[in-house]
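As a starting point, one isolated chain is supplied in C-alpha cells, in the form predicted alone.
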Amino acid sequence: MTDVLEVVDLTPVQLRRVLALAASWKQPGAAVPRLLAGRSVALLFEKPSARTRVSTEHAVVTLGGHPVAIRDEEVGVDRRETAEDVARVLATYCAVLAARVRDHRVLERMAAAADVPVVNLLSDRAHPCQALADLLTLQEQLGGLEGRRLAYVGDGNNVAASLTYAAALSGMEIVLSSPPGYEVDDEVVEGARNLGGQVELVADPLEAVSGADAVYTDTWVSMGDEHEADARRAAFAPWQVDARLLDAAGPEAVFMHCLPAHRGQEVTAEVLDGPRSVVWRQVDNRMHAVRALIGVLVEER
C-alpha cells in the first residue's frame, strides 16, 4: 500500500488492520507510537473543510508529526504550477501528502509524481477517510461488520461510492436508494460486486431500509452542485430520513450522516439530534480512522 485514493486501495487485510489500530489507539491511556516524530504531513485543501482538516491535523500531531495545512489560493494547482510539480515539492519536505480536491484526476496525477504516500481527503469521486470512520463507528455500535446491513438513501455521491466499496471489503451488505438520475455510478456497483460485495439497488426508500442495522444519508446539495439546489430538493424530498423512515428499518437501527447536515432537508432534526443518531461518534472517529491509516502507511514504507 502506497497511496489511498479510494477504499479499494486497501486490501481486506489492510482494512482490518487500520480498523484494529484505530480501535486500539482510541482506548483511554493507549500509547500511540510517535511514527511521525521529526516529520511533517502536507494537508492541501482546494475545498473548505472543518472536520477533515481538524481531525487530520490532530491525527498527525498525536503521531508526533507536524501538519502543514495549505489552502488552494496559496498553491493554485494547475494555475500557478502543475499538480505534478506541487506534489514533487511537497514530497521533498513531507512524509505524507493528503489532499482535498475538486477533481479526482488531480490526486491521481499527484500520486504518480510523488514518492511519498498520497491520501485522498475528499474528491468528486471518493471520500475514503470518511468511509473508514464510518466502518469504525459501525463496528463499535454493532459489535462487528460481517453480515450487517447498511442502507444508504439519498444522493449517490462520493460518500456513497466509498461506502459501497467499504461495505464490500468488510463483509457488510449495502442497500442503495436514490432518485432516478442520482444513483451511485454503475462502475462502483459493479466494482463492489466483483469484490464479493452484496449490493442491492432499491427504488423505494422505505423498502430499502427494511431490516437495516444503520440508515445513512448525506446532503442533497454538495459543494459544486449549488446551481442545481432547487431541482435536487424537489427530487430528493421522498428520500428524507424522518422518524417514519428510520422506524421502517427497525427499532435498533442507528442513523448516520457524514455532515454537514441540513435539518429539514435530507434529515429531520428529530432524527439527527435523537437518541438513535451516531453522527457525533462518526465525527470523533474521523480522527481515529485517519490516524490509523497514516500510521499504517508510514509503517509500511
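In this text, residue numbers run from 1 along the sequence as written. All values reported here derive from a predicted model rather than from experimental measurement.
What follows is about the form predicted in complex with a small molecule, which we do not show.
query: Does each of 14, 132 and 169 have at least one heavy atom within 4.5 Å of the small molecule in the predicted complex?
result: Negative, none of the three is within 4.5 Å.
Given that the small molecule is not shown alongside this chain, does residue 32 nevertheless sit within 4.5 Å of it in the predicted complex, heavy atom to heavy atom?
No.
**Report entry** Heavy atom of residue 110 within 4.5 Å of the small molecule in the predicted complex
**Finding:** Because no heavy atom of residue 110 falls inside 4.5 Å of the small molecule in the predicted complex, the answer is no.
Residue contact check: residue 38 to the small molecule in the predicted complex, 4.5 Å heavy atom: So residue 38 does not count as contacting the small molecule.
- Message: Quick check on residue 259: any heavy atom within 4.5 Å of the small molecule in the predicted complex?
- Response: Yes, contact at 4.5 Å.
Of the options 137, 158, 177, 120, which one has a non-hydrogen atom that comes within 4.5 Å of the small molecule in the predicted complex? Of the listed residues, the single hit is 158.
| said: I need to confirm a contact call. Of 202, 206, 223, 229, which residue comes within 4.5 Å of the small molecule in the predicted complex, counting heavy atoms only? | reply: Spelling it out, the residue with a heavy atom inside the cut-off is 223.
- Query: Out of the stretches listed (158-166, 177-185, 143-151, 102-110), which one is close to the small molecule in the predicted complex, meaning heavy atoms within 4.5 Å?
  - Reply: Selected stretch: 158-166.
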